[in-house]
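Okay, so here's just one chain, in structure tokens, the form predicted alone.
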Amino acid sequence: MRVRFAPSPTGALHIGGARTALFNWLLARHFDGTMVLRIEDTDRERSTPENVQQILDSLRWLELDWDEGPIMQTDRSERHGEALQALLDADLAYRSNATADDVKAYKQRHGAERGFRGEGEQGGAVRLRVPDGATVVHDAVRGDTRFEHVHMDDPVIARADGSVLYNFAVAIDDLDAQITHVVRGEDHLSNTPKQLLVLEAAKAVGFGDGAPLPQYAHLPLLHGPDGKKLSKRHGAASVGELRDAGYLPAAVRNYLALLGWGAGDDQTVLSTPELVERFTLDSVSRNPARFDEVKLKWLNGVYIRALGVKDLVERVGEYLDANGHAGFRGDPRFARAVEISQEKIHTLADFWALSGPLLAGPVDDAKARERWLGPQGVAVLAQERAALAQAASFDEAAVAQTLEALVSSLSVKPREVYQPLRVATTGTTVSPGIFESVALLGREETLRRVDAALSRR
């Protein structure tokens, strides 16, 4: 088995493209096959080296390796030219100066449903001759789709300057690479009959070394939770955005695999080895799949809680270094801050919002101060300060015993004691457990922050 992932470097690697890459990768790994990475950079205006690099970076972040490539499609221009000339020499293709108006006039004469047919000329673009009959796309997901040739225009396969167009280059590249399975998005289905016609013409003039035509599989579209086509309004739209949002590659692989494919037993959490073992095209659905970042975040939380503390500490540290909070890995409290946050965070980005104030100092949340550090809150905070100052020790158990005793003596709800202290020490109403947070800060720093909060009143 030989599969290929062939993105166009015209922008970021989006979620749909990442799923296509994953499905090809799983298929290749399941069958001990080969995955070819081809960069289809024939769009001269929008293809850039920067986009190529971000595609490679995104695939590496997802930990989807490839066996051959990356092959730049533009590097194969000479080979494309050879194939094009061979078709021209065999009269399977011809040059045409027909304009859009000429095509429109042809259809007015022959009927709107009839495909355009031209005559060979001295110059102009190159069109492929469409033979009589029909092309049937045998699709592993969608079944057979028949395309009647009478309705197809002779497709333009090269510009007047000889540079080939997308459908021609793709077909020749697939043939030369001996690709056995073309797995791609459903939006490419309309390109398939044109590519098959190119493949058959190329094979007729000796290209392909007897390789069979590929098996096609067109994956269902991705929609947002609202059932509409996936776009940026639904949240993260690219792999880079998922990385920057603090998702784990393994969780993303797991979630993307479930978009249009199912293991057959409704199991949601599947390790990558399990995905490789169980993945086949037989279980890919024809129905659109829904990308829901809320579900992805939940699944990512499952993966975060399954990590060893040491591993999570390393990942959070790397994330902070790359996202504007470098240097905190050297804080002796850092590892413990990560550990007490593990049960509450769903992404690596959640750590800083939750526990950053413990390391960097309290934030300034006016609403939190107003709600919890009014006259009553300040009075409670003063009592907490006295109790904590006199605590025999300052580990979590001692802190818990001290604060719980205060709750009992004041006959109030726990939050009436815990929230003023939380706002005083972090500036906000959200943090890891109050006992763990206060113990992490230590007696001296806790009292210093409480005194600072009291002095503001």
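Remember, predicted model here, so these are calculated numbers, not experimental data. The first residue of the shown sequence is 1; numbering continues from there.
The same protein has a further form, the form predicted in complex with the RNA, not shown here; the description that follows concerns it.
- Comparing 379-387, 295-303, 81-89, 315-323 against the RNA in the predicted complex, the single stretch with non-hydrogen atoms within 4.5 angstroms of it is 295-303.
- For the options Asp132, Asp75, Asp311, Glu113, the residue carrying a heavy atom within 4.5 angstroms of the RNA in the predicted complex is Glu113.
- Contact annotation: of the candidates Arg329, Arg117, Arg142, Lys203, the single residue with a non-hydrogen atom within 4.5 angstroms of the RNA in the predicted complex is Arg142.
- Not displayed here, the RNA is approached by Asp43 to within 4.5 Å at the level of heavy atoms in the predicted complex.
- Among heavy atoms of Glu186, some come within 4.5 Å of the RNA in the predicted complex.
- Contact between Tyr94 and the RNA in the predicted complex is not found at the 4.5 Å heavy atom cutoff.
- Although the partner is absent here, Leu13 is not a contact residue: none of its heavy atoms lies within 4.5 angstroms of the RNA in the predicted complex.
- Residues are counted as partner-facing when one of their heavy atoms sits within 4.5 Å of the RNA in the predicted complex; in 399-431 these are Pro414, Arg415, Tyr418, Gln419, Arg422, Thr429, Val430, Ser431, in sequence order.
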